[in-house]
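Form predicted on its own, single chain, as structure tokens, below.
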Amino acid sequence: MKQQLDSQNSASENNAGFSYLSRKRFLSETKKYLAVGVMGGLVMEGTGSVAFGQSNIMAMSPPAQVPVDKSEPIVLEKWKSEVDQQSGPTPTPMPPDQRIGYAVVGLGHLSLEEILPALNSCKNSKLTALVSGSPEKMKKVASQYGVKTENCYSYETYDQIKNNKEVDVIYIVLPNGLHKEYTIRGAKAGKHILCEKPMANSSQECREMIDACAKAGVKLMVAYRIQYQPHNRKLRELVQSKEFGSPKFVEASNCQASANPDHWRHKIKLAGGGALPDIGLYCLNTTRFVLGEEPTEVFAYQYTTPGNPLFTEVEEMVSWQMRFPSGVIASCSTNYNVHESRRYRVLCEKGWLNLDKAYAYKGQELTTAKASGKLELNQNIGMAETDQFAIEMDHFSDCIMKNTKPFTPGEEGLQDHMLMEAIYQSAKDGKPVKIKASPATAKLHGPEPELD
């Protein structure tokens, strides 16, 4: 009889799981489930009963210092060891109703891929309006980012933005040849202007833009995002501190491949030039930024492959050198018809500093080398990724709130255009071009921005 019951119990156990358990097995299974409950949240809170998705561990908020000043970050308890890279401060976004409102003009690659997403991660800036020549595209983008229908403008109704109190800044993200017109119209509407680089098609256009903004009493900033990017700023800090000795030579290159001859970048009236003003400008501007001085002479060479339909109106390649008052020589190159490469290296008396992907939107890699006796010490300086567009927009918003001059104002853009015109002239004449006396670099900038 006992043998028959055992057989029945065994069958029942197989069919129904726990319909029959020996005392020994019950205790064993209970221990297993309690262990899982502690680790995976299976024990009912406060009871010890088995239940999926719950835990008897009480939820607690980590200790924190919460400052009264809303602009100061919340300080959480320390948990990382000193031997690990420390986290930056917690984000401190302002309440939405206190942020500076931006109208983005132009919904091309840069706006849709970088600028609009960046506005979502800004601390004191927000998207409030759109301007586009494509009603269908603008309607979709407006719905994606929560822009009100009445805050959507065409290029024809653009001037009506003056009546929109939700717009503080107009961000010009149009082809270069349109920067002047929409900057001047925006200034007349009483809005501050953030303009993509290059600032315009010529130095004369830059002067007109600067004058129009000054007359309207609005601020003008050129979007030189590299000057706000942490890796580039760190390299600049190391160079100017002479930690590696005095800089002597700079190698800089920014290259990429184009494919569409009908794109505006290949039309002289819209682009103002080819590789030089579009991507070569990064080599020019960043070198000036890192060294903190202005060139006194340039010598350039220009080339375009005969018969290439991409370059019927604009140049394919420019290579140039710049001589600086300190004796530093910079060798720069830009090309529209090779595999992407964006890097520069500063060679100093006691070592060098190298930044790969220097001009890219992300992925910067800062490395250095320095002699130490019989050894060469190589260092990879790791830094957290940041959104370069968010940083530069928040800087401009901060300038508006505090009524200060932007770090990269219109005068900075004008200086680059005068230098590019000298580079083109040198390439045309085949000889060096002396640069007329330039203002000190410091006078071209506003106050140094405070970045995390």
Ligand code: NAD
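Being a predicted model, the structure only gives us computed values, none of them experimental. Start at 1 with the first residue shown and count on from there.
A second form of this protein, the form predicted in complex with the named molecule, is not displayed here; the remarks below concern that form.
With the partner left out here, the named molecule still marks one of 309-317, 236-244, 287-295, 259-267 in the predicted complex; by a 4.5 Å heavy atom cut-off that stretch is 259-267.
In summary, among the residues 168, 278, 205, 251, the only one with a non-hydrogen atom within 4.5 Å of the named molecule in the predicted complex is 278. Exactly one listed residue, out of 110, 381, 369, 75, brings a non-hydrogen atom to within 4.5 Å of the named molecule in the predicted complex: 110. In the predicted complex, residue 322 stays away from the named molecule, with no heavy atom inside 4.5 Å. The named molecule is not shown here, and in the predicted complex it never comes within 4.5 Å of any heavy atom of residue 209. Using a 4.5 Å cutoff between non-hydrogen atoms, residue 274 does not count as a contact of the named molecule in the predicted complex.
Although the partner is absent here, residue 355 lies well away from the named molecule in the predicted complex, with no heavy atom inside 4.5 Å. Counting a residue when any of its non-hydrogen atoms is within 4.5 Å of the named molecule in the predicted complex, the hits in 203-242 run 223, 225.
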